[in-house]
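Quick setup: one chain, the form predicted on its own, written in structure tokens, and binding and motion questions come after.
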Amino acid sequence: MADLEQIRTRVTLTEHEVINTHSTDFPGNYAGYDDTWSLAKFEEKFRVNIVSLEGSELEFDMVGIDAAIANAFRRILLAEVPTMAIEKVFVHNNTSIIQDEVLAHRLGLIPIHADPRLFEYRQEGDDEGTAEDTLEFHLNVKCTRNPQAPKDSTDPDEIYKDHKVYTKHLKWVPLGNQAELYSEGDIKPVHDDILIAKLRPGQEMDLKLHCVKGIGRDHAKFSPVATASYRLLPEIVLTEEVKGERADRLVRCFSPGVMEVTEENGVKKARVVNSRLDTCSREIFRHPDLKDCVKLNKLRDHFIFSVESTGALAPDVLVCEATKVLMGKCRKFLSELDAAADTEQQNLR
């Protein structure tokens, strides 16, 4: 029974393979266990713990769910939480060495600081846009020589003016009543120092840009996250006491902070400090006298999420928005099931 419990709740790392990776979260899979799903059991087990939230990065634990749900959150964060991004580039003048198509692609990938929840999706076929669904930026930069530059200087930053085009040169132009709804600091590129192009005297850019609302499933530029990933919580179990020189070697087999050597009555002993920091390298299996001293597992229903926002929305807001998207999908699925059941009932009459 103990071995069966291990299989139910743990993924095991052995020397040459990873076992028990298949999903078992359904009834009747293990004799003697009632794995039927119920809301009460789910509420008892499920929890979300915020581990760290610093700037654009969030790490949190989601415990008590199946891998399918965890992966649904990841995919929604990547592809279905909307953001604002540059979609249309109207080129009035571009004499730089960057072709119009390449320039438009570079501009589209610039993250825009604007709350997408305040805007609507642009209607198909609408080229102009409205204040409800479009943000307009202008980019007008011309490179000239600096008459004050030292004669013997060869530094482009000294002898040229505006020879580097940055995102700070993008100027928001309010449409309709946008100036009344948003302040200038609300609508801007996330970073001012993203290099767009380099110019030389006589070269210039004169562009009009339209930002619209979209999702990463349509184009990667709309994805709100730089990274969104998860991993299972590692578990390291010592099957015996490891002492002396072996303890030092054991600690070196793991990432810093995972294990430490303590001293009791002049004898060194290894102990597990924080298995969460382990990268599961399985270095331990290269040591014949140590590989049987440790069991390497991962908790099947404990997911460590790492979310890094591009800056349009805070990472904790993105997780909340992803939850709303998932809830909407569940409601739609349930309504379709009800509709199918009603149709079947009518056909049986």
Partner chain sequence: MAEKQKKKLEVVQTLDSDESCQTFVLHDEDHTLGNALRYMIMKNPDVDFCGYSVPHPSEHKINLRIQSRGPPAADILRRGLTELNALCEHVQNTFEGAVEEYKMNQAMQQSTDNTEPMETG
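Predicted model only: the values in this text are computed from it and were never measured. Rigid core (definition): largest C-alpha set, two forms, superposition within 1.5 Å. Numbering follows the first chain given and starts at 1.
Below, we turn to the form predicted together with its partner chain, even though it does not appear here.
Screening 155 to 163, 128 to 136, 203 to 211, 76 to 84 for residues having heavy atoms within 4.5 Å of its partner chain in the predicted bound form returns a single hit, 76 to 84. Of the heavy atoms in residue 332, some are within 4.5 Å of its partner chain in the predicted bound form. Residue contact check for residue 290: none of its heavy atoms lie within 4.5 Å of its partner chain in the predicted bound form.
The closest non-hydrogen atom of residue 123 lies within 4.5 Å of its partner chain in the predicted bound form. Contact between residue 65 and its partner chain in the predicted bound form is found at the 4.5 Å heavy atom cutoff. Contact annotation for the candidate site: 257, 273 and 306 all lie away from its partner chain in the predicted bound form (no heavy atom within 4.5 Å).
For the stretch 204 to 218, the set of residues having any non-hydrogen atom within 4.5 angstroms of its partner chain in the predicted bound form comprises only 217. Residue 335 shows a C-alpha shift of 2 Å or greater between this form and the one not shown [criterion: core-superposed Cα displacement of 2 Å].
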